[in-house]
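Just one chain is shown here, as structure tokens, and it is the form predicted on its own.
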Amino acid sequence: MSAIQKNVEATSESYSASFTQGDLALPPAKKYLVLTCMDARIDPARAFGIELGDAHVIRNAGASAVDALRSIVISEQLLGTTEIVLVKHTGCGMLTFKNEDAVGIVQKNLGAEAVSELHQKVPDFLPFPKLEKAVEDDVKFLKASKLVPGSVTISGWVYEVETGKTRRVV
């Protein structure tokens, strides 16, 4: 067992020993979802004031609305969320490469067959060159989607990893 696995096991024992919130409802109590990046420097609960049971938190590389759409639809249509808070961040890795770069690394490390499978399953890594524009583009994408009702409130933000501050873009 790896050190990480041992840590998960030990932390689970400690956490579950005093856990008292097993009766929380399945739908998020505050009826919103946060879409943010998977970056390890972001702690969504602390940075955005989310208590256990309050909201859905969807995380993926770059806080991509396109990549998160399936989860967004489930959150809204099956679990009743009515607001989306999209939060990208400074210093995001998605600002540092283009699709061709990522495909080249996959080919170098995993081979041509992996690239073929990649193109079938993940046609685009969805990198972006400008942070605020990417926030605006993803908010526009969500607002234009037939899968997101017009009644859903959507806002776009940037979290600053250097300061811990979050500022509204749109």
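Everything quoted here is computed from the prediction, not taken from an experiment. One-based numbering along the sequence shown.
As for the form predicted together with a further copy of the same chain, it is not shown, yet the points below apply to it.
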Exercise for review: Considering only heavy atoms, tell me if D39 and a further copy of the same chain come within 4.5 Å of each other in the predicted bound form.
Suggested key: yes
**Study point:** 4.5 Å heavy atom contact, E136 and a further copy of the same chain in the predicted bound form
**Key:** no
Check your understanding: Hey, in the predicted bound form, is L131 touching a further copy of the same chain, heavy atoms inside 4.5 Å?
Key -> no
Review point. Though only this chain appears here, would K140 touch a further copy of the same chain in the predicted bound form if you measure heavy atom gaps against 4.5 Å?
Key: no
Review point. Going by a further copy of the same chain in the predicted bound form, which residues of 40-57 come within 4.5 Å of it through any heavy atom?
Key: A40, R41, I42, D43, A45, R46, A47, F48, G49, L52, G53, D54, A55, H56, V57
